[in-house]
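Heads up, the chain below is alone and in the form predicted on its own; it's given as structure tokens.
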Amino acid sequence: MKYIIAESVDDVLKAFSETEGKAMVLAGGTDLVLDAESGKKPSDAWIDIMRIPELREIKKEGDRIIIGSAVTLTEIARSELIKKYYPSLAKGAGTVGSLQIRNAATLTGNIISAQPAADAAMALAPLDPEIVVVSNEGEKILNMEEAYAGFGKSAIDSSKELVKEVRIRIPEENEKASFIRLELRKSLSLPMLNAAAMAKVENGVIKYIRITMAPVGVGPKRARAAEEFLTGKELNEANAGEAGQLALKDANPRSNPLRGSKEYREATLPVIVERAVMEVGAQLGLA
């Protein structure tokens, strides 16, 4: 196994060419190392990106927050900038695994691992992020849905593509976001269910809302029927409850022996979605 320490993005692109698709980008390694040992992601080399300065920053740039792909979950959870504009993302990043895991793991890794219930990715999803990907072919920008190719399968090829950063628009005063997690107990396992929402509300009326939920499909799943119902309506408990029921139209949860049956998740999901919507209202002083 060859270990390459990259000092710049150009170093990574050069390594892609030299290894001819047989290397993998390594950041925290909390998923990749285990997958490599089990044979799921074999490679001849790892390209360590944790010493690239521009990938280690959280910064405000114009009307965007930029999160470098080598920023750890602990850094996001503790960032004053993130907590100021998106406390829901700080909360989601702070619930992943243990402190030791969060000290190494990255938000980008949480996305690329493509686990449908990954908490940090779930909290990020309704914020409509732009995922900036670079390769020797150039640069492209993916939205959250485009980043997932299937269950546990990323659309980003880490043997020839590098996520450079994640960009999030700074919210207006009447825009807020939430993140709700249902867990069996305080543990290192993935959640039984989670949901997140972001909405813009004017005079108590929802102008737009994005709701994501998991694990009920590939990646963070949008509750489209619930979103359509809520748009143009007052943000109140009755409408949030109805939206929770409508979320089932876009959900297809599977049974898991450790984290709940399909039936339990279908019974509980409406409550989790309702709470995510009402949490947005609470932040806006409406609930």
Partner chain sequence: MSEILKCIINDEEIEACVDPEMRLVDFIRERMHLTGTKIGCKKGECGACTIIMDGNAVNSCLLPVMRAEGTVIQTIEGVEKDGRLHVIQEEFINKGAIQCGFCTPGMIMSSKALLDKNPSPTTDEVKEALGGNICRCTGYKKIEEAVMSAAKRLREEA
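Numbering follows the first chain given and starts at 1. It should be emphasised that the depicted structure is a prediction, and the values quoted were computed from it without experimental measurement.
What follows is about the form predicted in complex with its partner chain, which we do not show.
Peer 1: Looking at I101, A149, L142, V205, which has any heavy atom no more than 4.5 Å from its partner chain in the predicted complex?
Peer 2: None of the other options qualify; the answer is I101.
Peer 1: Which one of L230, I67, A27, A247 is close to its partner chain in the predicted complex, taking close to mean a heavy atom within 4.5 Å?
Peer 2: It is A27 that has a heavy atom within 4.5 Å of the partner.
Peer 1: Is the gap between L34 and its partner chain in the predicted complex 4.5 Å or less for some heavy atom pair?
Peer 2: Although its partner chain is absent here, L34 would touch it in the predicted complex, with heavy atoms inside 4.5 Å.
Peer 1: Can you work out whether A282 and its partner chain are in contact in the predicted complex, taking contact to mean some heavy atom pair no more than 4.5 Å apart?
Peer 2: Flag for A282 set to no.
Peer 1: I'd like to know if L286 sits close to its partner chain in the predicted complex, meaning any non-hydrogen atom pair within 4.5 angstroms.
Peer 2: Contact with its partner chain, no.
Peer 1: Is there a heavy atom of R51 no more than 4.5 Å from a heavy atom of its partner chain in the predicted complex?
Peer 2: It does: once its partner chain is placed as it appears in the predicted complex, R51 has a heavy atom within 4.5 Å of it.
Peer 1: Based on heavy atom distances of 4.5 Å or less, which listed stretch (170 to 178, 101 to 109, 122 to 130, 197 to 205) is in contact with its partner chain in the predicted complex?
Peer 2: Of the stretches listed, the one contacting the partner is 101 to 109.
Peer 1: Suppose contact means any heavy atom within 4.5 Å; which members of 58 to 89 contact its partner chain in the predicted complex?
Peer 2: Counting only heavy atoms within 4.5 Å of its partner chain in the predicted complex, the single contacting residue of 58 to 89 is R78.
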